[in-house]
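Take a look at this single chain, the form predicted alone, given in structure tokens.
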């Protein structure tokens, strides 16, 4: 479904991603694991196309130069230069780290607004699926999003991404800053996505322990470079991964 070839991203003279490659098959949950500043968010911004808008904004204001080399293929089509809005229409949806919500609107309104590209019947159907996936949001339907906890807002953010009906869902550090209980709820929801809908998921995280058991395949990234690959169980059993991420 998704293929990344020889991807290199520079911010001025700083190399954020160095000759990175990956493949995501339809229906898989794929993890990109790395410490802070490893290049995970740069990768997700490149896959979603946000890097294109970032380049345009930086050029307009005379800011840092962003340069991208390599290719991103989606279902065999080269989308390297495709704008993010067009990628959403193709089915690629990003839920960013600390994804923006509409704090003055309630939960139901946030979900409905996220489906602006969809028919009303599709929105109603998907919103119901979101509440099935995140039952903790049901009693919060009428609560303004700005008054929700960080974990509740993260569930809402993922729900908003799902209302857009993605074929490929990109989750950028969804567990960041969440309590262990909220992390557990979100991990269970991602597992449920695979079981119920078959949506393909790419999740980037620095918290390897809750992520590795649920992924089909994983990529370990350090300083913008791919260092290890393998199935979730293979990476869980790898001594280098245990030492770096589990303290074993």
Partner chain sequence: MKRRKERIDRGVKARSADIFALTSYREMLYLLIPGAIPVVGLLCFTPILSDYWREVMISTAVYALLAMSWDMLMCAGLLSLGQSLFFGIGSYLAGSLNYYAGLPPILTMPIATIGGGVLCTVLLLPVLRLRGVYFAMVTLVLPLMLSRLVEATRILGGTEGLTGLTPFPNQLTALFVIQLALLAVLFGFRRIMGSDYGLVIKGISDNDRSVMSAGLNIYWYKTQVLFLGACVGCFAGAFGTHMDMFAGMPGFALDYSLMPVASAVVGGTGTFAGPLIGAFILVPLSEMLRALGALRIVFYGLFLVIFVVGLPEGIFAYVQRKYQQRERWVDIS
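No experiment lies behind these values; they were computed from the predicted model shown. Positions refer to the first chain, counted from 1.
Not pictured, yet referred to below: the form predicted together with the partner chain.
- The contact residue chosen from 63, 210, 192, 27 relative to the partner chain in the model of the complex is 63, the criterion being a non-hydrogen atom within 4.5 angstroms.
- Not one of 101, 104 and 153 comes within 4.5 Å of the partner chain in the model of the complex, counting any heavy atom.
- For the chain shown alone, residue 12 is a contact residue for the partner chain in the model of the complex, at least one non-hydrogen atom being within 4.5 angstroms.
- The closest heavy atom approach of residue 67 to the partner chain in the model of the complex falls within 4.5 Å.
- Stretch 54-62 is the answer when you ask which of 54-62, 213-221, 181-189, 30-38 has residues with heavy atoms within 4.5 Å of the partner chain in the model of the complex.
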